[in-house]
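Read on for two forms of one protein chain; each stands alone as structure tokens, with the labels structure 1 and structure 2.
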Structure 1
Amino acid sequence: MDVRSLRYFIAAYESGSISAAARRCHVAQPSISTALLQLEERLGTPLFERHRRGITPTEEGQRLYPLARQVSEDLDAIGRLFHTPSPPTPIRLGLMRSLGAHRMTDLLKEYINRGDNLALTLVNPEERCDARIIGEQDLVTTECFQPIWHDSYRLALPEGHPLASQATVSLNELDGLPFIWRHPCAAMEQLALALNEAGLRCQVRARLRTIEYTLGLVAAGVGASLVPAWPDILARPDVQCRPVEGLPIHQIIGVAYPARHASPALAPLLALGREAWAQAGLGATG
């Protein structure tokens, strides 16, 4: 039995789609489809049900999966037994604040999985590093930029706040509003500029650096704040998020890397950025 077909089967089973399995295995989709069909013909039974949203394993596929995993792990163990490990490739990655714990964890996990024996060190973006995940506005002339996410921002209000009963909030309604200010934050700088131009001023109750503490103070009723419209924030029951009328605050987050002599070990990270940007329907690389 073809070991490669079993590995493609595992990838398809765990990914839930042919396209995701192809990305994971770094091959074209037809290669995955052909290998699965050959495996099904060899075993004489369908392993997946195909549908619009992807694939679902049949009962036979569910029975095969643990056996296939065991075979794959045994082969990997044999390879490690007779393989002299090479030293890991060190990568220093600078991270700006407030990137979102869930999505950054997923991104870094996939980067490490795709990378070839990486030793990843996370540092502040102003420190010496091989690449930085930052807002596009902080890019310098010696760097290239691969977008990953497009973050829009909302006004976060405590549950039950009078302004939360409105679909939107006007800029004028922020005048004198108790506020939790975050710094550094490019979105906050955009808000400050809009308030200054309108001759308005919030009543700053606290100045913080992290979104997590900011949301805690908002939920506690200390004041409102400006936060990214991430799904986990919008789903919080103790915080209500509303757009500010006529103020489409947003920023693009991505990988900034040297225009010259970039580390080859960054290739999987840049590929992940392209995939995330494309999946969000945001067009080609900026």
Structure 2
Amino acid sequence: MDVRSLRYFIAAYESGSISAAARRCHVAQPSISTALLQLEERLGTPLFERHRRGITPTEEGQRLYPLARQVSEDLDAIGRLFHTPSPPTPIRLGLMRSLGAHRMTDLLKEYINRGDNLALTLVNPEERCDARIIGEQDLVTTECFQPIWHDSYRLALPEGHPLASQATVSLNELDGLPFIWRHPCAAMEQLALALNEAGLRCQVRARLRTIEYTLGLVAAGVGASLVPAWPDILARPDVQCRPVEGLPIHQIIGVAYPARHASPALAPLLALGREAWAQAGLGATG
């Protein structure tokens, strides 16, 4: 009886899926799969029913769950037993706009978990802070940079817009197109520059700051815009995203931190960034 299997069981139980549990535990799916099979073998009873949409616990699985939680948490408590809580480390983190609330909260959650009693304060990236989550283009020379995410940008069009019938859109086709302008945004500035150089007109219908409002206005047919190609944006039915030909707008987002005298409490954040970046790199090549 291994506590590792129990933790995997807990994750699978709470996720309702072996694959999701694997993502949550940062291991590959077969690890959870075989561990659960071994646990069922060891206990002599099936714990889950497998089906296409995931798994549902059997009655035995439901009986095991609270006990497994108990053991797992007791073990964690032992780990903290002699861990004299250090005074909270204040960390001021500057966050640029348009980071993607979902992935950013996941990152912060993990950071707080891994860090040792952090007191996180989120501020604008221009303010004084210990580190900044920003696009690579905004680095200043005294800063080091740890990449986290790679965002490529797409032209966002309302559903049914003529340009949306094409797989890609050329720069010339943007001439005179009404735009929802998001500000500040390096990608939009690049677009403005490109339009200007090509002698194309740029018609701005609205200026605003958040991606969410931008998408709402795009969906309402007020105009087009430029948004990062995040899965949850690409999945929206009311907005269609198309790459702009010959205008590969990318942005690398990461942690910028002072090259000298960086706070040691940043280490887990940098490690998380390294992991996410490596993960994306693997996905890109595979």
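Computed from a predicted structure; not experimentally measured. For residue numbers, the reference is structure 1: its sequence is counted from 1. C-alpha atoms forming the largest set that superposes within 1.5 Å between two forms make up the rigid core.
- The form predicted on its own corresponds to structure 1, not structure 2.
- Core-superposed comparison between structures 1 and 2: CA of L108 displaced by less than 2 Å.
- After superposition on the rigid core, displacement of the C-alpha of A12 between structures 1 and 2 amounts to 2 Å or more.
- For T168, the Cα coordinates differ by under 2 angstroms between structures 1 and 2 after the core has been superposed.
- Core-based alignment between structures 1 and 2 gives a C-alpha movement of 5.7 Å at L64.
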